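Just one chain follows, in the form predicted on its own, and it is written as structure tokens.
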């Protein structure tokens, strides 16, 4: 299967990075900041309602993307704020880690943003995020009953995503 940017992605999932179920949550946003999917597996503390949580996460991503673009020491051109870039274009971030979690992020050229929050000891998840995006394309975007921009309600996608995320983190 071909993934955007020319890198080859095999149909089989990447190998797990650590053992155990250390995935906390996953978000899928469209280019407009609408949360298409939110799943959680290991989040004992709920401090915000879902809508506030989604806004906070999207705002964090927007701010981090803006910061990395403005801090890029190799480019005099700063680009348009909030416009998705192709892989390898400009300066971007893939993850950050705190003492309690690791946030891994991927944005596609179409503006789909996938965020996976895991245990801080989890390794590099870029291949896993690409695999999740391929699941999204196969089970959601290719579904003739799905309307782009609407919340994801595909049971097959959610089940496959749950199984995969539990195996990687």
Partner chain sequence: MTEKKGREVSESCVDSLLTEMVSTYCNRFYANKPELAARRIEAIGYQVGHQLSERYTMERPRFNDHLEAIKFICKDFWSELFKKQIDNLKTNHRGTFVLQDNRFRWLSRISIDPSLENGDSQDPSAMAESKAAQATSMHLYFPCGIIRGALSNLGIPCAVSADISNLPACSFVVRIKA
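Since we're looking at a predicted model, the values are computed, not measured. Numbering follows the first chain given and starts at 1.
Just so it is clear, the following notes concern the form predicted together with the partner chain, a form of the same protein that is not shown.
Residue 38 falls outside the set of residues with a heavy atom inside 4.5 Å of the partner chain in the predicted complex. When contacts are judged by a 4.5 Å heavy atom cut-off, residue 143 counts as touching the partner chain in the predicted complex. Contact annotation for residue 160: none of its heavy atoms lies within 4.5 Å of the partner chain in the predicted complex. Interface membership of residue 138, defined by any non-hydrogen atom within 4.5 Å of the partner chain in the predicted complex, is confirmed.
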